[in-house]
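Single chain ahead, by itself, as structure tokens, in the form predicted on its own.
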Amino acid sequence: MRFLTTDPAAESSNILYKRCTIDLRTVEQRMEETPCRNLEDVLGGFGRSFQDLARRQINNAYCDENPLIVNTGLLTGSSAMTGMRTYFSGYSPIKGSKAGLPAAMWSTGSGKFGAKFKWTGLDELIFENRSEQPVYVVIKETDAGPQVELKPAERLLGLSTHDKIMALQKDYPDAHFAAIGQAGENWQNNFMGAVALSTENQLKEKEDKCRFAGRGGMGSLMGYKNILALVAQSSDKLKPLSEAVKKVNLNVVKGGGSARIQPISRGGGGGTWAAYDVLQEFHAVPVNNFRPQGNAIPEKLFRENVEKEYDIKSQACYRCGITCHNNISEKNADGSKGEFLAKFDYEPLNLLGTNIGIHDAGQAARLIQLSDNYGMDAISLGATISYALSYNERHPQKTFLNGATFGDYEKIHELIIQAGEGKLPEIGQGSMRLSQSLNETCYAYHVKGLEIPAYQPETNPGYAWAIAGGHMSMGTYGLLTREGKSDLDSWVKGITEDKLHIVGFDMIGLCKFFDIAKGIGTQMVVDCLKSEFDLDVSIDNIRAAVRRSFLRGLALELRQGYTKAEFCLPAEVFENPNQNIKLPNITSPEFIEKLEKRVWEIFEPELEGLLNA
């Protein structure tokens, strides 16, 4: 980016970002410096891409007019800790309204690809139309500025995400990579394709320790475009760490935002895995398709029980001191580390473990590894499989697919392989479509067509207004379980003010663990922007830009045919309340009716004309 002002809120057009637009059909490309329209453009990520998506009327995700937008945030590749995020945006294959129209969506991941992409000198890459042949894309730094080149990719067809990255590393040893797996290649029958992002640990250790931009099927959109991988080739461009940023980074590591996910050796809970312990206190860990049983069965996958049989090591993303990854490997007879299996984060572990009746850590790890290698969103995959298992449990005399039931590892393993290979659209196209085809929609755990993460909807009515998945774009998942808020006023304020600001991280390039409790509207972010770019921006201006971006997402949903009735939790939550969850009931029909009324009274006036602004 090029800065001709120090005041990005008042003089945004004096900040320019480098954008390349490629027509995949003609191979023509346009490289340009583009003036920012507003502070959202300056911050980047979905704050910028949603403004561009709003200019397009897309009726089918798999059409040439639907772009794939790849960009970064302002602090991606900076000295600010966690500044590594890459964003993939477009109209989603899997998330859509009952009117049949796709929703605008973004997905994001860490790894080092985002920093390398930014260091080439490019801020945004837009793919138009579709390539006739499979290609991979090389973005590289040159003396003349960033260059983008398409290369034939037939040799990569059919490879897993990890194997694609390993194959490309041989030709580009100084690069980082973003790749799809077989699921994205089979986009016609798999709408939940993810984009794998390479990590330093992966490239050095040759183990499949990718990070993933998983939500919303952006890997399937990438597959439709016939792009199998992206290569970002540049030198590292880290500037000396200033005292201001050093202080911020220390606060990120030692402050409250990341303390609970620090390694156990440093007094933390050991990554997001610690959510098991927190939620089990209330019997709120999802079990057997989001139906906790009020017993101790989730404790089988508590860390303290898993580490008796498996080797567990904590690792960090590039230049990050939070160290939230937990790598699970076999344990040799002598107690040493054996074969690497998978990385345990809470959502994949639950949704491909406890929530499908798998309570053996090794089996769960193998399923996570399969999901990662095929390049599927573990949340959508796990929640769709759990729906299928629940259907079979309810119809023992008339099961479907392979008849898999909760805990049947071999048959579940088979379902994942078939979905990844594009042979099982019933699973690959998501739980909304599957439940509609079976005419049993009440226990399909999605909101607006996007499967929910591993937090009980009974604990989080904020899911209804999330614009890109519950825990990623509406930070209310801990409002009841961690903060103990069960009154209507707290939930209205949480949804319409405090907790929507979590989406700001998906604009600026930072991981949410930078300060997950407060969002990006903090003095720490202000200090980083001043130190890194000499920008003077207030907390209020940042929060206003984040709010506009969130509301733009809501406005886009309504434009794509969503009715207010679709802003709701799965029907089973109301029709068959789970008495095993030991928390106040905040999803009674009466509570939800009052909540909906007050939330829309606040949001609706602000939506007027927002897409035309």
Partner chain sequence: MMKINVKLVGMFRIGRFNEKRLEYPSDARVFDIVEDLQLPKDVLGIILINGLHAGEQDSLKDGDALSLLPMLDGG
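Positions refer to the first chain, counted from 1. Just so you know, these numbers come straight off a predicted model, no measurement behind them.
Another form exists, predicted in complex with its partner chain; not displayed. Remarks below refer to it.
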Open item on the list: Is it true that K254, L279 and L480, all three, sit within 4.5 Å of its partner chain in the predicted complex, judged by heavy atoms?
Closed with: yes
Task: Selected contact from Y455, F505, F127, F212, since only one has a non-hydrogen atom within 4.5 angstroms of its partner chain in the predicted complex - done: Y455
Task: Heavy atom within 4.5 Å of its partner chain in the predicted complex - the one residue of G357, P146, G521, G269 that qualifies - done: G269
Open item on the list: Taking its partner chain as it sits in the predicted complex, is L150 near enough to touch it, meaning that at least one heavy atom pair lies within 4.5 angstroms?
Closed with: no
- [ ] State yes or no: in the predicted complex, is some non-hydrogen atom of K112 no more than 4.5 angstroms from a non-hydrogen atom of its partner chain?
- [x] no
TODO: With heavy atoms only and a cut-off of 4.5 Å, decide whether I227 touches its partner chain in the predicted complex.
DONE: no
Open item on the list: Given that its partner chain is not shown alongside this chain, does F513 nevertheless sit within 4.5 Å of it in the predicted complex, heavy atom to heavy atom?
Closed with: yes
Task: One stretch from 345-353, 104-112, 76-84, 159-167 that, in the predicted complex, holds residues within 4.5 Å of its partner chain by heavy atom - done: 345-353
Open item on the list: Where, within 296-330, is there a heavy atom within 4.5 Å of its partner chain in the predicted complex? Residue list please.
Closed with: E304
